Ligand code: 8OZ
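Quick setup: one chain, the form predicted on its own, written in C-alpha cells, and binding and motion questions come after.
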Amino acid sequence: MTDLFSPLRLGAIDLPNRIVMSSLTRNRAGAGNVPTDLTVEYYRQRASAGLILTEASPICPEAHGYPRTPGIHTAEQMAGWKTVTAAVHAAGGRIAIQLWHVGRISHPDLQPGGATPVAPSALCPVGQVMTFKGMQEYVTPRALEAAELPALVASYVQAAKNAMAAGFDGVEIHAGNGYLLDQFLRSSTNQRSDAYGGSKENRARLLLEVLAAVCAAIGNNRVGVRLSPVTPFNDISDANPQETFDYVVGELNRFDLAFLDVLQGTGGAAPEQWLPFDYARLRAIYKGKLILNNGYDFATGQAAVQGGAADAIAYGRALLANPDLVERFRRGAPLNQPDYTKLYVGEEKGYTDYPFLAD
C-alpha cells in the first residue's frame, strides 16, 4: 500500500518518501540577503525529507517585504544558495526554491530607494509590517500598470534560471498566503478594470503567464505552484473562493507541472477553524501530483496519502523542530516541540540546535 514512506516522482524529481518540508520564513539571511553557513546547516539537517521547499525567496529587489529573507536575484545570493543545494544533495536530499514577490505586504523602508510597494490595486492592507526599524503600519501600495507586467513575468523567469544555476532540483511559484500573485487572484485585493481584473479568468491571467514563461524557461517538470484558497493571512479574501480556485486549478492541468502544493485552511489554525472549502473537489479537478499542507501529524498525513486525498504531505513546524522527522515517524518516536519565540530571531537558537534522536 502507498504510504508516507513510499517513493514518489514529481515531474523530474524522484522523492524517496512523501514527507515534504513546507516553506518556512526564518529571517536568518546575512548581509545582502545572502544565505549563510547557518542556512546551509539548517537545510542539510533536514535532507531526509522527500523534498525540501525552501523559505520564500524574493525574485527581485522590489519583491522583498521582510528583513533578512534570502533572495535569488544577485550573484552573491546565487552563490550562497549553491552551497545550500550542494550540502543537501551530498546528504542525499532534494530541494526546490519557493519564488516570491510580496507585493503590497512590504514597506518603503524595505524597498529600493524607499519606493512604494506595488500591488494589483491601490488598497492598503490592515496591519503592520516588520522592518529594520521595528513594526510599522502598512502603506497604500501603487497599482501596477499593465505595461509593467511583462517585466514582472521576466523577473520570475530570471529567478527560476538563477535557481537552476544555483543547483536547485526545481522551483515553486508562490501564489498564496496573500502575496503578489495571490493578490491578483483574489477579489478583495484585485479591483482592476483591465485584462488582469474583474472576472476569475482575468484575475488568474498573471499567474498563468508566469507559469507559462517559467515552464518554457526551465521545463514544466521542475515547476510547482503554491495556492492557499481560503487563508485570510495578510488581509486577503475572495468573494467566491471555490469558483476562483476550481478555475485556477483546472487551468494548471495544461502545464503538466511537477506538483501543486495546497495550503488548506488557515496557517496555524486547527481544522475545525478552517473556512469552508471543498479540497476534495480540487483533487478531482487536478490531474497532476498534489501536496496537501497544514496541520497534519503522522496519523492524518498517513491517512491522506493512503486514502488518495494527496500524493504527499507538507510538514512545517514539525520539520522545523525535528530535522529527523522521517525517522521519528518511522519509529513512532516522540517529537520535539518548536520554540515559537525563536521562529524569526535567535540565529542558531531554534534553527540548527534542535536535537536528533541520536542526541
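In case it trips you up, residue 1 is the first one in the sequence shown, and so on. Note that the structure is a prediction, hence the values are computed from the model and not measured.
The following text describes the form predicted in complex with 2-Phenylacrylic acid (8OZ), which does not appear among the structures shown.
Note on contacts: among 85, 77, 177, 189, the single residue with a heavy atom within 4.5 Å of 2-Phenylacrylic acid (8OZ) in the model of the complex is 177. Of the residues 329, 42, 296, 66, just one reaches 2-Phenylacrylic acid (8OZ) in the model of the complex with a heavy atom at 4.5 Å or closer; this is 66.
Contact annotation: residue 255 falls outside 4.5 Å of 2-Phenylacrylic acid (8OZ) in the model of the complex, judged by heavy atom distances. When 2-Phenylacrylic acid (8OZ) is considered in the model of the complex, residue 56 lines it closely, a heavy atom lying within 4.5 Å. Although the partner is absent from this view, residue 25 contacts 2-Phenylacrylic acid (8OZ) in the model of the complex, with a non-hydrogen atom inside 4.5 angstroms. Among residues of the shown chain, residue 196 is not one whose heavy atoms approach 2-Phenylacrylic acid (8OZ) to within 4.5 Å in the model of the complex. Comparing 273-281, 247-255, 89-97, 169-177 against 2-Phenylacrylic acid (8OZ) in the model of the complex, the single stretch with non-hydrogen atoms within 4.5 angstroms of it is 169-177. Along 330-345, a non-hydrogen atom within 4.5 Å of 2-Phenylacrylic acid (8OZ) in the model of the complex is carried only by 344.
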